[in-house]
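Here we start with a single chain on its own, the form predicted on its own, put down as structure tokens.
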Amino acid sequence: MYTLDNLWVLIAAALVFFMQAGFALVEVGFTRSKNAGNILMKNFVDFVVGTIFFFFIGFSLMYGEDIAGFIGKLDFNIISDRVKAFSEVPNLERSGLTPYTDFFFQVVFAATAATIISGAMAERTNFAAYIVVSVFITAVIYPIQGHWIWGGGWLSQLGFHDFAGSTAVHSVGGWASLVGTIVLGPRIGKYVNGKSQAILGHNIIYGGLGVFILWIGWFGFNPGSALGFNVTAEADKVLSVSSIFVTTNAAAATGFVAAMFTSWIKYKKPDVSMSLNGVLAGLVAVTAGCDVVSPEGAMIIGAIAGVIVVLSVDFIDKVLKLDDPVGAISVHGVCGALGTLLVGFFDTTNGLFYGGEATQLLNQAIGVVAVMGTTIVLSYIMFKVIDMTMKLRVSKTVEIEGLDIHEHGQSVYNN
């Protein structure tokens, strides 16, 4: 099973990597053509920067020797040291994941947390400044929260449950997106006389294709987080790779349906972009508890997220007046937190709906609030320092004429 475990996790990691293409297409499709190349470049930056800085810094801060339950010990040689120790184990005695398999699966998650931000900050962010943002997210901010939850930190010791990252990955990206939109301000023309103006994306087909790719990638994101294929379903607990496929897919399906009907009721038409975000909302929400909820529970979680994402996008846009072109704050921040809390209700072993006590729900709430607060504070410091030193936002001229021409010297559409 040692070989099968590593093979499965590497395949899952490749699926999660493919999600970068999905994010890129969603962000390009939901924004204007004059900024398509810039968005594509930022998605490449997230993975490239994540690969380099998570290798040298982020991985050890997340999985290194625990320091007071807060952070891992910084060790630039942690991966090479683990490889050396692993190579000294006789072949017949090896088990689990190789250090390289473990690292590669973790780095694609780090890149995902970073790439969530690019959509919320689209069409007005200085490209050089964004590179620095990506560095800090993958090297520092995400690893700190990740250590608390998955690296042996205080939240894991508390009993907080986030199987594949509704909070550890998605809420971190979502709350950082919230801060980024506040510091950046809205796009020119987004709010006129205090009223929100629609700035339509240039190709909804790209957005739809991107969501399909993300849906496929999630079958690596969630089932891959079992960290092996030699996992069986216990009598009292849903913990098998195949069951996670089912719960993940179920939440995505009901997320779409709920968002479609909510938008239909609210806007008198079944809105395409809202329905697409409903899929993502369902996927994000079920990610925390996909291993411990039943398929029926996953459907309910997805449906709740599908309703909430429509209401949240509308509230953030029209009431808070925060300009998030792709709905990243709602999909990843709000629905990530929501799904994490719902584990306290739908966990088939400890959830309130299954005879459990409120302890699990309390632990979930503590984790959600702690990660949200810490991410907001660290992100605000990061964005403000970057803004003061190298300007986070492009000039008015660049924003009006398009980032592709000014930031990259060419348009991606050359008819």
Partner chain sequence: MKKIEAIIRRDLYEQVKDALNAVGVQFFSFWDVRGCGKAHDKKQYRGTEYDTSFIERRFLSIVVNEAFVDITVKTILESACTGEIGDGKIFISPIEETIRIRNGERGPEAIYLKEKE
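Numbering follows the first chain given and starts at 1. Given the structure is predicted, the values throughout are model-derived calculations rather than measurements.
As for the form predicted in complex with the partner chain, it is not shown, yet the points below apply to it.
In summary, among the residues V343, C335, V326, V172, the only one with a non-hydrogen atom within 4.5 Å of the partner chain in the predicted bound form is V326.
This chain lacks the partner; the member of V313, I117, A164, I141 within 4.5 angstroms of the partner chain in the predicted bound form by a non-hydrogen atom is V313.
With the partner chain left out of view, the stretch that reaches within 4.5 Å of it through heavy atoms in the predicted bound form is, among 133-141, 176-184, 146-154, 267-275, 267-275. Contact annotation: I199 falls within 4.5 Å of the partner chain in the predicted bound form, judged by heavy atom distances. Within this chain, K318 lines the site of the partner chain in the predicted bound form, having a heavy atom no more than 4.5 Å away. For F30, a non-hydrogen atom is located within 4.5 Å of the partner chain in the predicted bound form, even though that partner is not displayed. In the predicted bound form, at least one heavy atom of I204 sits within 4.5 Å of a heavy atom of the partner chain. Residues in 149-179 all lack a heavy atom within 4.5 Å of the partner chain in the predicted bound form.
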